[in-house]
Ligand code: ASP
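Below sits a lone chain in structure tokens, taken as the form predicted alone.
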């Protein structure tokens, strides 16, 4: 059994209003990467770790997602990105926090995993490391899109709370009010031919977030987890996932023989909810279970399974 699942963030309240003009490229990105990487996993030419790294890099390249190019802007009007990646068979992991000049934060996180020590670097330290490893830095402005600039200006002018405008599309043609925490974090989980698991997550955070704020995405056990039984990537209100150690809790739930992954993940989302948790997660297990649950209006998600690619945004039929 070979599996590859991805997400592009979750959020919203109330009924889903259908796709927006921004959605076709997001869906096309997920379909393209799943169509490319799924068969390569199936033939054994890439590992689970390589699959999640490449999947997240592809989504960091899509301006419609809140990771890499297209990341949202913090309170200062700048991009600040986080990412993490974990290999299940030995617990190796890498993470970067608050980077502003990396085209692919997940690439630097992967480099740290491969190096073995340190596990996590932040800000200029992470960028200096990337340069030493031959990764190219770019000007921060190259990561900023017109959509994110418009969202930031609306957030600033209306004095909204962080994340309030993250779900507004390019034309800003609908007002979602000031109670919305937006989707956009991207992630991937995979099971390869050798039964190995891996997970990766990358984000630009929340529009208007305080400079220096860290959510769950780069924290191993909160936004990302992989062990010999399960791989998990979370998306939603980071502080809630941090307080619940959400991704690791899925791992704990899967320690019982014959555990039902769907029930375990539902339980974890129950744990997150009292902390103001809004969002979802994706997970695959070593015995071939895969789930993509969410507790909000929508979650961009996709799956490669048995040679078939499927994608969705709103509630399952």
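Computed from a predicted model, the values in this text were never measured in an experiment. Residue numbers count along the first chain shown, from 1.
Another form, the form predicted together with aspartic acid, is not on view; read the next lines as being about it.
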* Asked: Does residue 185 reach aspartic acid in the predicted bound form if we count a contact as any heavy atom within 4.5 Å?
  -> yes
* 4.5 Å heavy atom contact, residue 215 to aspartic acid in the predicted bound form -> yes
* residue 203: touches aspartic acid in the predicted bound form, heavy atom cutoff 4.5 angstroms -> yes
* Asked: Can residue 238 be called a contact residue for aspartic acid in the predicted bound form at 4.5 Å between heavy atoms?
  -> yes
* Structure fact -> Exactly one listed stretch (187 to 195, 203 to 211, 118 to 126, 102 to 110) reaches within 4.5 angstroms of aspartic acid in the predicted bound form by non-hydrogen atoms, and it is 203 to 211
* **Contacts with aspartic acid in the predicted bound form, stretch 79 to 106 (heavy atom within 4.5 Å)** => none
